[in-house]
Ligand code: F42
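Single chain ahead, by itself, as structure tokens, in the form predicted on its own.
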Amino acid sequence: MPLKFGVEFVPTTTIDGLVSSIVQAENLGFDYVWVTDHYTNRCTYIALTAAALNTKSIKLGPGVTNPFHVHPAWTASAIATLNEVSNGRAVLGLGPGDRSTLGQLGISLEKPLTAVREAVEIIRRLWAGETVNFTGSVFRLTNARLSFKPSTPIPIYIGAQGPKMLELAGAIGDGVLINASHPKDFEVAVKFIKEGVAKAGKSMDKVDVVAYAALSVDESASKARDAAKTVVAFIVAGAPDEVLERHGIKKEEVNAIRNALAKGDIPGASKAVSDASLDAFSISGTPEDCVTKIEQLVKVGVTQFVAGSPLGPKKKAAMEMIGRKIITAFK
């Protein structure tokens, strides 16, 4: 089966601008669009609805929402409505959420594994038309029911990083969204996904393994790599020690990046990013460079590649390059 392609958009621009980018993605042959869900940006569901009304084939969903700031029953209704508006093109990306963003809202990230597991069960039961009575460790529902059912099945993708969430995603998800760009990270991730799949008595063929990667492409490799440095700086700053050690990233570099970001010195943080970090935490370079690196991900089990920020020095031109020189190489 050919590699599927998705693209991530952050709704920081106007809805008109975002929809224009999503229409461009559809025309270029992307299969999925994932719109990030943070209260600081424009509403994900309004953005997705506008996109659904202006597209015909591309699959659409939040990448990712979480069960803490929005109740799973509300998410079930929102995604089922998106599925109706889009004529069956909705997908749901669900993860535990970002600790810092949730903290700004006074929400504690407690029992993330349990919350995700319970949310998936609640959502699927509501979509099935059940009257749901549910008493869990995180959620409780009494006689909860949707007044309508999705006309087509809606896949649920789990955003996962750590071993336990990856295993859970393999067990209960239709797909797994993994923020990583390097084969070493996917070798580790796929191992845990397979453990979950085996425990659930499923087949790996039923699980879409998604590389949610930082991509930067340009005909000039140096320009592409320079454009990726700011995104990679934030990735390095937040990466667990075991991941940094896996890629041989020096502590001096990590400390320099973290200290610069703590001062709000983003240019300084970007300048501290090494070639080793760019190689570990992004796919950046010419279209041919990117194709070679994506091929390596396919070999370790990736079945969908999502082009995440920054895309390239010039976003619209980078989208054209991805569609015409990278996607076509795999189709």
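Note that residue numbering follows the sequence shown and begins at 1. This structure is a prediction, so every number in the text was calculated from the model and none was measured.
Beyond the structure shown, there is the form predicted in complex with the ligand, which is absent from this document and is the topic of what follows.
This chain is drawn without the ligand; in the model of the complex, the residue among 163, 136, 155, 238 with a heavy atom within 4.5 Å of it is 163. Taking 85, 221, 200, 113 one by one, only a single residue has any non-hydrogen atom within 4.5 Å of the ligand in the model of the complex, and it is 113. Exactly one of the stretches 46 to 54, 22 to 30, 280 to 288, 59 to 67 approaches the ligand in the model of the complex with heavy atoms within 4.5 Å, and it is 59 to 67. Although the partner is absent here, residue 274 sits far enough away that none of its heavy atoms falls within 4.5 Å of the ligand in the model of the complex. The closest heavy atom approach of residue 196 to the ligand in the model of the complex falls outside 4.5 Å. The closest heavy atom approach of residue 184 to the ligand in the model of the complex falls outside 4.5 Å. In the model of the complex, residue 159 approaches the ligand with a heavy atom inside 4.5 Å. Taking the ligand as positioned in the model of the complex, none of the residues of 185 to 210 brings a heavy atom within 4.5 Å of it.
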